[in-house]
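To begin, one chain is listed below as structure tokens, in the form predicted alone.
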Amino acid sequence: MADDKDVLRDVWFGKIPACFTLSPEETTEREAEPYYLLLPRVSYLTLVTDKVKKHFLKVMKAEDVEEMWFEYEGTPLKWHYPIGVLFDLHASNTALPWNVSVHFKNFPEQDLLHCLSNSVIEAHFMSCIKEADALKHKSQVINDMQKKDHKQLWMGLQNDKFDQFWAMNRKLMEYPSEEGGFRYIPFRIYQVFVHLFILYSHCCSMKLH
């Protein structure tokens, strides 16, 4: 995989056109214009939306501004899911641009984790990297990397720098043929549980009656 540079570039530079609009629940001093942005599929919402926040803060009263969060058609969007995953889960059949609502109050505590700084995103990202390497290499690769290597990996993602990121990520993707390959292939399954819960409840109701 580490040698398939053209494929890796295509995946890295995949973008989703999005239209951010301020929720009608927010109190503003004047009408807020929508904000359009190309979102990198491999990044995180709270990492690439500083411009969105600055845009809407221009029309907000300071006392009405709390933590920013995003919603699509009534569903709060989890910042710790990659943007591409969020889009595929909730909006893959919708017309582009992806219409995302922006909120600055009434944070949905039961649905979302708080994210007050980029350091929170960095900690989550590095935790995922370490989990994957534990499965692939018994954590040998990530433990052999220096702190500056970890930082370069993160900064490559944060700044959308393909070469900077892959200079470090290549080590994590190397196939140890002398050891018979990866110990395990890590993958993560994302599901929208609300639909499953509704279906399950409906089936139980039918059985009871």
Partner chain sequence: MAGEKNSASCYLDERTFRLCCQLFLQHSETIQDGWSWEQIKGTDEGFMKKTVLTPVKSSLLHKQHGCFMQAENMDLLTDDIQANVEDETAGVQAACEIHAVLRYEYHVLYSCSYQIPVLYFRASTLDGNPLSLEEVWSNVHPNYRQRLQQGPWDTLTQQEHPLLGQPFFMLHPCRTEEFMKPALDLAQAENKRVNYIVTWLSVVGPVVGLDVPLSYCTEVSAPD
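Since we're looking at a predicted model, the values are computed, not measured. Positions refer to the first chain, counted from 1.
Same protein, other form: the form predicted in complex with its partner chain, not shown, and the subject of what follows.
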{"item": "Non-hydrogen atom within 4.5 Å of its partner chain in the model of the complex for each of Lys53, Leu89 and His103", "value": "no"}
{"item": "Option touching its partner chain, based on a heavy atom within 4.5 Å in the model of the complex, out of Lys148, Lys61, Lys161, Arg183", "value": "Arg183"}
{"item": "4.5 Å heavy atom contact, Ser127 and its partner chain in the model of the complex", "value": "yes"}
{"item": "Partner contact for Lys78 in the model of the complex: its partner chain, 4.5 angstroms, heavy atom", "value": "yes"}
{"item": "Close approach of Gln110 to its partner chain in the model of the complex, 4.5 Å, heavy atom", "value": "yes"}
{"item": "Contact of Ala134 with its partner chain in the model of the complex (heavy atom, 4.5 Å)", "value": "yes"}
